[in-house]
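Each of two forms of one protein chain follows alone as structure tokens, named structure 1 and structure 2.
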Structure 1
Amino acid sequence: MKKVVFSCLFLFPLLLKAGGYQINTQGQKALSMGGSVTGLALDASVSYFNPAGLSALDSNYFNFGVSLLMPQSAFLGPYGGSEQMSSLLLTPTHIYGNYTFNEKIAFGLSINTPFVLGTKWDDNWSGRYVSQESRISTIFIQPTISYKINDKISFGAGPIIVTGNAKWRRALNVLNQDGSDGQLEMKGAGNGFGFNAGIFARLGKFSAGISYRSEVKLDLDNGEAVFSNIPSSLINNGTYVNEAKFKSSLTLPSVISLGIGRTISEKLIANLDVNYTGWSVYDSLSFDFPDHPEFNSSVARKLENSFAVRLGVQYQYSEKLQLRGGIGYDQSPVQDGYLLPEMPDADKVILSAGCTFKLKKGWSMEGTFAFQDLRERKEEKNRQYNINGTYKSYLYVLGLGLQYQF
């Protein structure tokens, strides 16, 4: 059995979805189908992808999973010498449960981390005054209720409670007598609220879903900035301080998803998703220092709303084994002139593959492998930092999940 499980993990290449710092590793089935599940109701993860799908589930599920994300980026500045992003492992995790209360009503709970950003460059790399490390992580908690209007149509909605934290680290262009740079590290955390809603319909061999997740604004009110390795003369004359408080906010974008599922045969189902992500809410990243306005800064991001298209299939290979695959294309929300090493984004092709293997007593094991290829992208006239060069990135994802059906 181990052999089967292992080999199914890697059977064929599939893909996953992302876009900016939205890396959709939410749920192993979705991940393995290129992120394409809005028109299907496969397990408890529908409470995240389309709350209306809860009523369409055939039984109750508990799903748990973790994804190991390994982003890889290379940067080639105009001065030559390709530089690699440091190795980084991000581990977004998800927990889902659904409970069918009666014929009409179903409940769901989703806890996951849909927005993850992690970039880390060498401390002495050529872009160190722009970014050495950036981390944003969010936890979304969504209790959801779904109501079946009739056999064909259901509706679902729920609030979203978000808690997030962020960290930015960069070098400061103030040199000590040994030539070393000053350092700035900023950390903040905040909470926010939103909602999600969806409609799910089944029409013969077709199923369809529309879901909407609102934008969520996270206010980072008690951010802490730590200045280190600052020359003492600049502390003495008040140019710098050792620590300062800052305020900032991050707006996580809304997402509209439209999915159409089709049962091709008893064993084969497919789904096509289109996502429209409202990235334009992320216009700038500002830091305000109430006690030290001289450190205030604002970086224009000017993200643009973006589309993604994803296609996924699921094949019932045997009673115990489901195989999945997916492919997707995700447009970058980052415009030319605003491309920064803390988010070296580009249009992406996503390939993914995965499987679910039935164990005993309602338990199943899930595994996914996904790969994102970010198109090589050249920034020629960076607006604010004048950091120009070519970026090329891959993202590898290995996902592992556990499912309990009851």
Structure 2
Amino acid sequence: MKKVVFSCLFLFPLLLKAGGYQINTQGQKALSMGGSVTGLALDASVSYFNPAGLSALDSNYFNFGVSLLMPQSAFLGPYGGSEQMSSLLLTPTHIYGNYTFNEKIAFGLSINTPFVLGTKWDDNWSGRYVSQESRISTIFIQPTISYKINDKISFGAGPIIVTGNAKWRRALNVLNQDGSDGQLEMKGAGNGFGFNAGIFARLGKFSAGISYRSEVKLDLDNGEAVFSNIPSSLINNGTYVNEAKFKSSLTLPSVISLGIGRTISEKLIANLDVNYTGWSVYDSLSFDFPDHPEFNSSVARKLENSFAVRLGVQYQYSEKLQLRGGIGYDQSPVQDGYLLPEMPDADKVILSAGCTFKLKKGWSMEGTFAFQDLRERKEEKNRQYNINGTYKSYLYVLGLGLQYQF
């Protein structure tokens, strides 16, 4: 029983691995520029990407957007036979607003969903005893104050309030009377707090920014594991239980971003970003069952710190139309031996393009298309489940946004 429960539970912290699958859908301008905006102050989304840029904005903004994420993955086992992940549609959203009090002080509010993950495989696929379905989401609420020290340098900081929830489902290798597998479904939610800070500077045709978003510890106090379709004999003899409560905690990593912007001409600007994510805080995860202490355990994940490099451009095509494009390379934090089908992560190349079209009375519409190509990755010596094979994944993103400038 203990081995069954915890070989399942260790998958629950996929909430963390969403960072290894970062897609930067937290603003349409950023998404369309490959996620490269730390060294620019373009709209109210700067409250998330670099809070210091709030006092560098020349207007007040309200931004709302939603991104439609369509992941695709395939798994080829060591003995052949390709299996496709089921189609999914994920919809992370963001809301931003800023207000300039005076020439020195500005306020911003960021509400977004930066850690979102979903995978779903056929219920009868070969890896069903490892994962059938995973759903993860987080909400970050971030009020921020920015202060302009002088005409060239600004500083910004604020707290981060985080809430997250997860649902995960897999088959159990026990057969009911009708020959069907048992099922385990896990749900949990947690809350945590952190902070962010940044510096923004303008020097002639150049601008630069550095931002820091702290790690956030999420406490899972009321996790629930529910077993179903289990033969009654295994329930009666104590091999399985109908449900069990657990407690745990996990830490979302810190992120340091450095961006350099350049005004190339009156109509064209560019920005280069480098991101460093501190995934090494997630070395292992422990579980505590208050009512079943014999099930307490700890499992290893061994994530590594990772880099990402992003380059984006924006071109003022006409008075009403802005065009943008971007490219990026994002390093996976998942080591060989720890790759699993609920998050088939790999180093990825990012391509994106988008635009903003001005409407009337300060309103604008924004649209973005982005594509991520995850490198083909072969797992040969999996240390957790011995599920070996080759993964190939893609991610398509369609972003839509609405902006009001006043």
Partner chain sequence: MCWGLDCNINSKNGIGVFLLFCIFFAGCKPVLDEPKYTSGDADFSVYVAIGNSYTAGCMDNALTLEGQLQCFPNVLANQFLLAGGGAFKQPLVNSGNGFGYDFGTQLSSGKWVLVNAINCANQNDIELKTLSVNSADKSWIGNQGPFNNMGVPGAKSFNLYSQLFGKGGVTGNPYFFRMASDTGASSGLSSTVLGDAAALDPTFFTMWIGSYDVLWYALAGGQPNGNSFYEITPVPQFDAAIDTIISELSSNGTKGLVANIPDVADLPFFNTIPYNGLILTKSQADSLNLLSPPGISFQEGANPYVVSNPGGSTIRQMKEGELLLLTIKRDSLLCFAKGTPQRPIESTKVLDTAEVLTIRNAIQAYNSKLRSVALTKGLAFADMNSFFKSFTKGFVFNGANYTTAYLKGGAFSLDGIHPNGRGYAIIANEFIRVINAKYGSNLPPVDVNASTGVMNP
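One-based numbering along structure 1's sequence throughout. Not measured: the values here are computed from a predicted model. In this text, the rigid core denotes the largest set of C-alpha atoms whose superposition between the two forms falls within 1.5 Å.
Tell me which of the two structures is the form predicted together with its partner chain, please.
Looking at both copies of the chain, structure 1 is the one that matches the description.
On a core-based superposition, does Pro159 travel 2 Å or more at its Cα between structures 1 and 2?
The answer is no, as the C-alpha of Pro159 shifts between structures 1 and 2 by less than 2 Å after core alignment.
Does the C-alpha of Phe227 move 2 Å or more between structures 1 and 2 once the rigid core is lined up?
No; Phe227 is a residue whose C-alpha shifts by less than 2 Å between structures 1 and 2 when the cores are overlaid.
Following rigid core alignment, is the displacement of the Arg262 C-alpha between structures 1 and 2 equal to or greater than 2 angstroms?
No; that C-alpha moves by less than 2 Å between structures 1 and 2.
After superposing on the rigid core, what is the C-alpha displacement of Leu285 between structures 1 and 2, in Å?
After core superposition, the C-alpha of Leu285 moves 4.0 Å between structures 1 and 2.
For Gln177, tell me the Cα shift between structures 1 and 2 once the rigid core is superposed, in Å to one decimal.
C-alpha displacement of Gln177 between structures 1 and 2: 3.4 Å.
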